[in-house]
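Coming up is one lone chain in structure tokens, specifically the form predicted alone.
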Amino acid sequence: MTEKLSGYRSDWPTDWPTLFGVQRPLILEIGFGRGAFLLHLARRYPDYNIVGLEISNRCMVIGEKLIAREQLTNVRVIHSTAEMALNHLFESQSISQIYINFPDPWFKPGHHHRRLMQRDTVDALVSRLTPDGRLYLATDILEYAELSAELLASTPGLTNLLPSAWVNDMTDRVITKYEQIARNAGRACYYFAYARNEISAPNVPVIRDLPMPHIVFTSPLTLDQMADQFAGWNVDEGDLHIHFMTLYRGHHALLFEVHVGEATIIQHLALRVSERAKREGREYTIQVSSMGHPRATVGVHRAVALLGEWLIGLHPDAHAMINKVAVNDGDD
């Protein structure tokens, strides 16, 4: 059985020809659900490498079983959000076709920011399409169709392939299970088809890993004295949200449970503070624990920096000795 893929564990960017074992054009389906459309793509485009994205663990299992049962050699599924995949896994001008079938509309007003069809995501979609690449969208929600129509029409790098903003039927596509449910319920479906044109795409560079951050500092305080002053806190800086949640005391270290939310990735990780070999005073190292496949993003660097500032600020005689944390321009 092929290795299970996750956006958290894959190379940034991913070497898709090596992963598939052959250099072929790429097709991406965002949200493959139960896999009916993914199977349709595999059969219709046998000379393409096809990648399916999903955030549902249940759908991932279904997709992996489908690939094994049908012996599909040109399809891989990966557990990832669209934002993570587009910004971290795929390079510019690398995808020939992108399909988005019935994305979650996120009806509640407080959840609108979670919708896939946002300006930043559409810019990433356009930047990842090859010259003359294709973007297809389907939804059964009129409100979602209207906002998507406005968004796509205002995107210079895309040309509408249809005579109107959308059509209500596409005869050459397979009907997915969800799509059939919508039709049986009497809901209209709205289909979009766009092509990448010659206008320059937005500059959306692929986001790569930074070196893992760490800080070495000295402090007269013991680990127990540091732990006694921890109360947890939140930091919000634009699209970056960091929550220092819980502190665990080990035999020789402190483990801070931290939630780091960025525009393209959300991570739940641990930062470890351990005492170094004793010299004249107490020296400590702050580093990212290896648990949970953490990625060294800007947000994780910021979390390490904030923890270091807090720990050093606990005593006037504490100070940093080594600081390997990236600053805003990406330099150490």
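Owing to the predicted nature of the structure, the values given are computational and were not obtained by experimental measurement. Numbering starts at 1 and runs along the sequence shown.
Keep in mind the form predicted together with a small molecule is missing from the figure; the text below concerns it.
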Answer key: of 61, 291, 68, 55, within 4.5 Å of the small molecule in the model of the complex (heavy atoms) is 55
Note which of 145, 260, 82, 254 lies within 4.5 Å of the small molecule in the model of the complex, where distance is taken over heavy atoms; exactly one does. 82
Would you please decide whether residue 177 lies within 4.5 angstroms of the small molecule in the model of the complex, comparing each non-hydrogen atom pair? yes
Is it the case that residue 116, even though its partner is missing from this view, gets within 4.5 Å of the small molecule in the model of the complex, heavy atoms only? yes
Evaluate residue 101 for contact with the small molecule in the model of the complex, applying a 4.5 angstroms cut-off between non-hydrogen atoms, and reply yes or no. yes
Any of the heavy atoms of residue 50 lying within 4.5 Å of the small molecule in the model of the complex? no
Looking at 294 to 302, 23 to 31, 42 to 50, 265 to 273, which lies within 4.5 angstroms of the small molecule in the model of the complex, counting heavy atoms? 23 to 31
